[in-house]
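Starting off, we have a lone chain in the form predicted alone, written out as structure tokens.
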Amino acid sequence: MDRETYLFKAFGFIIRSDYYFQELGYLINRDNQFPEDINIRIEDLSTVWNEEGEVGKFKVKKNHTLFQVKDTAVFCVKDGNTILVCPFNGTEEDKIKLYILGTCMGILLIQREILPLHGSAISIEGKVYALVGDSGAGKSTLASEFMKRGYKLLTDDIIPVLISNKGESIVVPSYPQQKLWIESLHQFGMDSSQYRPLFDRETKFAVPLKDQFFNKPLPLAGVFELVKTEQSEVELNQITKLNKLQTLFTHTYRNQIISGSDKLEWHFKITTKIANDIFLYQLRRPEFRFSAAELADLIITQIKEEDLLHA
């Protein structure tokens, strides 16, 4: 008997999936008017894993990446259009779906030569500003501060950036959800009992977005790299010259597969293009106090100064 499948739109693609994702926009496919771009299928990968797999490593070939998550599943991402999942017995689906929308989508975007930056993206006056940084740097919390002020979110966790036919760096919306730590929920006066905790992270929650989500592509105008420090004050410094390329490489999601995927030349070209078109700043924030409002004020001021400079 054929398995029931679901159709969604996310990351700018139509996705057909064996899994149901409540965080994605479910599509009713009347008369098959939505041919899928990406397939997510449950499949037996035991043979390919036995031949190629290695625990704890990404096994990367051109347009083919295989990896295993302990006690969860084996995943295979291939050809820029297929994610295969071989779940282990007893694994909860929520854990598998986290890896599909995270690591697997990051790898698939690289295969399609769409740059996946690690961070959140906010729409401000018709342009997009990316907040990038290591895990725990405060990207999603800062994005929430902007949403509290009325700005809208295009994406959280993975920022897909492509070069349009007109040569512009464009950010594509992912899907209407944000992930926030419980400390951030409390800072914004949000009741954690109203949100679904992420699997294995009972102190991090999935926050669905409605009116705060911007669902159309917009040009990328700037990147702010968040860095935690022990100093007490916030600090903003411009990133220039070759350091721009290093910053974009550092915050490319799953950048460890770029070389094995034969995408080094593509990555150099797209990040050089982006680095020439936009400004980048490093924003150093105190680790031990809540500073989201100060950081947002600094970013807004800097954007206005950049707009005046290039008017």
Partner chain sequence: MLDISVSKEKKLVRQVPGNIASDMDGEKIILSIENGKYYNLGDVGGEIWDRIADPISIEILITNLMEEFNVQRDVCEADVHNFLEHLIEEGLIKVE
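What you see is a predicted model, and the numbers here were worked out from it, not measured in a lab. Residue numbers count along the first chain shown, from 1.
Just so it is clear, the following notes concern the form predicted in complex with the partner chain, a form of the same protein that is not shown.
> Identify which of Ile38, Ile257, Ala275, Val48 has a heavy atom within 4.5 Å of the partner chain in the model of the complex; exactly one of them does.
It is Ala275.
> Report the residue, out of Val69, Leu264, Leu27, Ile42, that has at least one non-hydrogen atom within 4.5 angstroms of the partner chain in the model of the complex.
If I apply the 4.5 Å criterion carefully, the residue I get is Leu264.
> Should Val55 be counted as a contact of the partner chain in the model of the complex, where contact means heavy atoms within 4.5 Å?
Residue-level check for Val55: no, no contact with the partner chain.
> Mark Lys244 yes when one of its heavy atoms lies within 4.5 Å of a heavy atom of the partner chain in the model of the complex, and no otherwise.
Judged by the heavy-atom cut-off of 4.5 Å, Lys244 is in contact with the partner chain in the model of the complex.
> Is Lys269 close enough to the partner chain in the model of the complex to count, meaning some heavy atom within 4.5 Å?
Close contact exists here: in the model of the complex, Lys269 approaches the partner chain to within 4.5 Å, heavy atoms only.
> Name the stretch: of 173-181, 79-87, 235-243, 135-143, exactly one has residues whose heavy atoms fall within 4.5 Å of the partner chain in the model of the complex.
In short, 235-243.
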